[in-house]
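Next up: just one chain, as structure tokens, the form predicted on its own.
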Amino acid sequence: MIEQAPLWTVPVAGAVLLALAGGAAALRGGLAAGRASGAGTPGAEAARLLVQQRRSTVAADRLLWRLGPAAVCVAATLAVLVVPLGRWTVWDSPVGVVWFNAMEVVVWAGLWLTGWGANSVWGLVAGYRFLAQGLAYELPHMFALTTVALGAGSLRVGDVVAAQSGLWFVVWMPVAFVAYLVAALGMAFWGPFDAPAQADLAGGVGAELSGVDALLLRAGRYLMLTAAAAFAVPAFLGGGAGPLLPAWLWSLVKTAAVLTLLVWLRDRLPTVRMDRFTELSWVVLLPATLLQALLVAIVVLVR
């Protein structure tokens, strides 16, 4: 049974999200450097960007340019408000699944504004790359979430967790789970779907960013990846269900496991070209998620 947490837990949820994202950044730093631990590297990079002077470009839309990276951080933070930690959630919304999906759209706007606001060709092209990427993964992602809501008979995240008391959704909705993880990598513009931020466009949407703005974009990327990993727990992995450990600890353990998998995949898979990702999504992922939704609908009707 998921219960509404007191209002004072909002900063706690933000702190947990930040800690997990920091852990992901440290893990990524360790993997990139070929060592077991990258502790200290993200902190040093953050300190460097904090004291770095902001770059200016000719005829930039400064307001929208600054708002873009901040919007990515805000979207990730708002998305986790409906994610339960054990049996507690900050916001037990009756449309929590829709709310999470809506925050993803804010990321679309944030990335595109970041690329467009700088009045730079590299950033603009990368911004449109992300929109194309979004069109590729959004429908499979939406149908994956729809399948979850269909199986639970509710859009409330707490009801989704309760519906998995006998069998986790990942067991009988494996296609939806895989599609969700692919979309999670896409919405965080994380490898192999990191083309909008790739070096072939001199840094992509962040080509002209420096200082605090660059720090916000990088932080937003890790926060969004963490938020997506956290939502996979109540959506497919039974929430805080598990033996021996308290429910809140199981939620953290499962989130960390999914997050580690997503971070690890970046160095194991090459960047996928946008046209090939779009083709893969429309030819394979979308029909597969539709068939998964149909199967779940039939099971729900006959049981």
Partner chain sequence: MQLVVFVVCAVGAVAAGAAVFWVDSMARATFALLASFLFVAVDVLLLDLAYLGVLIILMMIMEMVVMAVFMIMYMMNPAGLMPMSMVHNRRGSLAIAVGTFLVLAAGILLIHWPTRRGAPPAEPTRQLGEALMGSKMLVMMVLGLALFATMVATVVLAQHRGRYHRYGDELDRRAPDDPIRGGVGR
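Treat the numbers as computed from the prediction; the structure is a model and nothing was measured. Numbering follows the first chain given and starts at 1.
Absent from the display: the form predicted together with the partner chain. The rest refers to it.
Using a 4.5 Å cut-off to the partner chain in the predicted bound form, not one of Val170, Ala257 and Ala288 places a heavy atom inside that distance. In the predicted bound form, the partner chain sits beyond 4.5 Å of every heavy atom of Arg54. Put simply, Ala32 is far from the partner chain in the predicted bound form: not one heavy atom of it is within 4.5 Å. The closest heavy atom approach of Val74 to the partner chain in the predicted bound form falls outside 4.5 Å. Although the partner is absent from this view, Glu138 contacts the partner chain in the predicted bound form, with a non-hydrogen atom inside 4.5 angstroms.
The partner is not drawn, yet in the predicted bound form one stretch among 214-222, 161-169, 185-193, 115-123 has residues with heavy atoms inside 4.5 Å of the partner chain: 115-123. Think of it this way: in the predicted bound form, the partner chain has a heavy atom of just one of Ala26, Ala241, Leu64, Leu252 within 4.5 Å, and the residue is Leu64. Residues Arg273, Asp275, Arg276, Glu279, Leu280, Val283, Val284 are the ones in 273-303 with at least one heavy atom within 4.5 Å of the partner chain in the predicted bound form, listed in sequence order.
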